[in-house]
Ligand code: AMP
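Single chain ahead, written as structure tokens, the form predicted on its own.
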Amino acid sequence: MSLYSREYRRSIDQPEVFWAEQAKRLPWTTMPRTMLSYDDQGHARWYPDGELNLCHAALDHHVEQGRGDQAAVLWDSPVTGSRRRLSYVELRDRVARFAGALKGLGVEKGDRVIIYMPMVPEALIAMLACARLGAVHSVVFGGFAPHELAVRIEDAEPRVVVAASCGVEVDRVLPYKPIVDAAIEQSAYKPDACIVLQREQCRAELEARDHDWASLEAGAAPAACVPVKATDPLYVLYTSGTTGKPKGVVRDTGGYGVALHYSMEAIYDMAPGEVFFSASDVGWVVGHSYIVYGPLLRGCTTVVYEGKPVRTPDAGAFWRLIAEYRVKAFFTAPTAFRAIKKEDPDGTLLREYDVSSLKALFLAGERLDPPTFHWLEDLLEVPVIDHWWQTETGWPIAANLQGLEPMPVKAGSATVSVPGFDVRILDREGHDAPALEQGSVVIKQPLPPGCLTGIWRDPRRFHAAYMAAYPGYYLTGDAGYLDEDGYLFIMGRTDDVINVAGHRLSTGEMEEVVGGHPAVAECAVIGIHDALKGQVPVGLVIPKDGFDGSEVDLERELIARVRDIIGPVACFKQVLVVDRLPKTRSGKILRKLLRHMADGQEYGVPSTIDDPASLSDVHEAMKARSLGSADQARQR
């Protein structure tokens, strides 16, 4: 058996032994004796009798080990022209003082704190300060509208809200304080206080409940780390696309810490002192796991970037950061590189930088389409690794484990299941599907450490949403298949599998074909209602910059490609050329919303949308082609 196979089988056959070994690598206050227990609904709870403090494990422990002068955070903000370096001892001291400031406002173990911040070091300081006190943080993406922030305040009931005076983007400054004030006004629950980090780009007017961050931190006494149970919550993170009652994913402390530490070595091949760069935001799960906690628990240096993949100042921004900070592993979403490819299709800007420090590029957040994979593979001399995970799992489910046993790459596959995750493909009757047959991707219980332990204040919703469909399994909501070598292919959300005249077809597979055309920068394929066939696919395509061909010819060529590669059974006969596609801020195309629009159904604009104007552009394109019932669609 290979090294991977041996480790994977141990994690599945002897999970308590395997995860006991990993737990020993963290500094516990009380080492757990019981590795795994179950709650009254049969859901896994890891290390129930262990105690630790994750801030201590991420900061104080490294200082005690003599690495206090090492860089912990490298902040780079091209939108403000600022940079900053914080060593481990500097970060520990600032976190301890800010924890003291929170404590002075009454924040105690178990209290909630909402953090509404841009990508600045203080966002990390606020998160770690909460962890230091045993308080539960809930980071809300900076820029969310007042209503969306208000429903999260009502659900989490924070004692304190921590905010910045503004966020800074490429072409504008977004004042945050009016949004926070409006959200508190709308919320039935009122926090005790609001701490405001004043930024020079837009200073905020402070009211009676408000406190200036700098003054508060300067006058605070450092707070000590408060040990908590491994099963106590570290944070609540509201999932993207939330509508109505928010769905707050609850993450525990001990299992999460163990899983992240393991993943930093086994998946990302990172050692203490090395530089890790994740181009995400602390408002998303990637930011929690691989900007803040993962790199710091492993003793690495984390790059915090306040900018975009393009226009800050150009499509070479990532290459600059990798070169300047000697980044070993880089992690971002495929949509970022599609934007780069659109503006710099030949990768000419890469030649301006020495990126020899880079050993692997990791992509997640959505499926890595083969055209983007091949473009990156041709451009770089390092492994290009697709890996798959979710907000709910907190760390990768499937990956090519660079620190354990690198494997041959297959375009379109997230490679193999990570140790701890027993991934299965089930058919509609709940039976194991044979190799190469698509079905529902599930994970056999128990889930490994680090995964969600519930939905905040709603255990029934947790069970109904994730555990009830296939008893004994966690429902991922994704469709995919395993090939003969055990490689996992995620083809999209379960509802992205369409039924065309009785044939179940993957829109993800069609997107592969469409995206492989040399003129296509980005695309989405959706299934829309058809009276005769049930559903038919429609392509929405963004051409590459500089495309000057005929849209009619492009449509004809794309239809022919799908017919030649997938077959006439796909009934792929319509392509809309658009300037932009509606996406979440984390880069996911809002395919379900597009389907509702095309089918004439009511649709809501999610709080996570990056560019609301993109909806009207696509809507007009649909109406111009008399697509489905798009002219009857109404925004609710």
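Because the structure is predicted, anything quoted here is derived from the model rather than measured. Residue numbers here begin at 1 and follow the sequence given.
Keep in mind the form predicted in complex with the named molecule is missing from the figure; the text below concerns it.
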Interface check vs the named molecule in the predicted complex: of 288, 137, 132, 387, the one with a heavy atom inside 4.5 Å is 387
Looking at 187, 165, 391, 77, which has any heavy atom no more than 4.5 Å from the named molecule in the predicted complex? 391
Using a 4.5 Å heavy atom cut-off, state whether residue 344 contacts the named molecule in the predicted complex. no
Taking 4.5 angstroms as the cut-off for heavy atoms, does residue 364 touch the named molecule in the predicted complex? yes
Touches the named molecule in the predicted complex: residue 478 (any heavy atom, 4.5 Å): yes
Just to confirm, residue 239 within 4.5 Å of the named molecule in the predicted complex by heavy atoms? yes
Heavy atom contact within 4.5 Å of the named molecule in the predicted complex, the stretch among 365-373, 352-360, 82-90, 196-204: 365-373
Please say whether the CA atoms of residue 535 and residue 367 come closer or move farther apart in the predicted complex, knowing the change relative to this form is 3 Å or more. closer
